[in-house]
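What follows is one chain in structure tokens, specifically the form predicted on its own.
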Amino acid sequence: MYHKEKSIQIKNSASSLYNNLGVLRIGPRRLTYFTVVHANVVNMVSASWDGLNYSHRQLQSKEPNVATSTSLIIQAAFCVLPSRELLVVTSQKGIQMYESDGSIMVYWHALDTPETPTAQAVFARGISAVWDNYICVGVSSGSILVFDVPSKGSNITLSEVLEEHKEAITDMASECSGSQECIADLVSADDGGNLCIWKSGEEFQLLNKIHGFDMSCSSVKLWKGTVVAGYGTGQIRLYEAVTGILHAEVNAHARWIYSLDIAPFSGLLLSAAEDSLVRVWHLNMTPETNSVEVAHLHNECVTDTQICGAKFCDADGYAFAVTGYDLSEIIRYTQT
């Protein structure tokens, strides 16, 4: 179903972090941007669709009043809003927002760090654009910071802090199907496997809380009102967002899941784990019976590699890309 394409070389290898791959298609320019985190650097590659041109950029983690920051970057993700696209980078010190090509930093938000070191690490992780003008970012305390983003310029403001999780946020996702009928439009996950379902707006509303099993939920997606969650057990669970009803549980991997992605137009689901496997599934919704079916379509084994990032390169799931711990390349697969 998929075959391997030529890999894209990156300047540094990928760190072992959840969801360590960002992908953004720039249709009018026939380009795709890729981001991979290594220690305190984001490796950024701009690749032309014909595979002939690649340009590289590196973004350092930044702190105000410090020439070079040693602060580790935890995540880099593209946020697509109707009026603009931003690259959001989170670290142990704060949150940086850049124009999508990485050229200009438009916003910096410092995290509250305790005066005296504590046993609790401080970092930001879990990034999602929601609705028309919000970007939500999770914090290790369990808080979710909601930023109001104007259609242009750098007048980004912290509009709300959501205090529902008690453990570090691992991942967040907004409704990706584009459907206006879905009540829930954001899901957040934490280290205890707990999921919170939100309705965005001037004030975010908590619609539901799905309790975890003390096993970290490392990656989460929201599609057509269904939450798709990947866990450290290697399992994928599908819940109805608003009611919390468990639709399906899949023993998808032998080891910790690091990344999930959904191609919203086709309902293809990508899962990647420490067991060296990337699997492609198909989700099928039956509204009449309010059920979801999961079918396994394809797998790829990246031998001896702890996979840490996997993303579809388009909304149909025609191609996907994979990163692995200590690999200095982005591996790409396309449908045959």
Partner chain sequence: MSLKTLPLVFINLGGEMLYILDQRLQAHNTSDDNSEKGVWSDKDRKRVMNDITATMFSKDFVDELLKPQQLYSHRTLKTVLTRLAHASIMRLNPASMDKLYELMLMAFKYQVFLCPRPKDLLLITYNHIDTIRELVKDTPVVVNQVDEMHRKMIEVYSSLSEGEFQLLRQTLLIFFQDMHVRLSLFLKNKVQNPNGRFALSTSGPVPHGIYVPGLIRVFDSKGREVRRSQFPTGGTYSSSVKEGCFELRGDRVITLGVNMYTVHHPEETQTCKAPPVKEELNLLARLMGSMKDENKSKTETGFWINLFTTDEEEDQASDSRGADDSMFGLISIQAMQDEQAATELAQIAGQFAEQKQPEFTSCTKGDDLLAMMDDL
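Numbering follows the first chain given and starts at 1. Quick caveat: nothing in here was measured; it's all calculated off a predicted structure.
Omitted here: the form predicted together with its partner chain. The next part is about that form.
In plain terms, the part of the chain that comes close to its partner chain in the model of the complex, with a heavy atom within 4.5 Å, is 256 to 264 out of 256 to 264, 148 to 156, 199 to 207, 81 to 89. Using a 4.5 angstroms heavy atom cutoff to its partner chain in the model of the complex, all of Asp191, Ser276 and Leu327 count as contacting. Here is the short version: of Val161, Ala121, Met105, Ile183, the single residue with a heavy atom within 4.5 Å of its partner chain in the model of the complex is Ala121. This chain appears without its partner; in the model of the complex, the one residue of Thr233, Ser100, Ser143, Ser174 with a heavy atom within 4.5 Å of its partner chain is Thr233. In the model of the complex, its partner chain sits within 4.5 Å of a heavy atom of Asn299. Residue contact with its partner chain in the model of the complex: Val139 places no heavy atom within 4.5 Å of it. Contact between Leu195 and its partner chain in the model of the complex is not found at the 4.5 Å heavy atom cutoff. Although the partner is absent from this view, Val322 stays clear of its partner chain in the model of the complex, with no non-hydrogen atom inside 4.5 angstroms. In the model of the complex, the residues of 283 to 306 lying within 4.5 Å of its partner chain by at least one heavy atom are, in order, Val292, Glu293, Val294, His296, Asn299, Cys301, Asp304, Thr305, Gln306.
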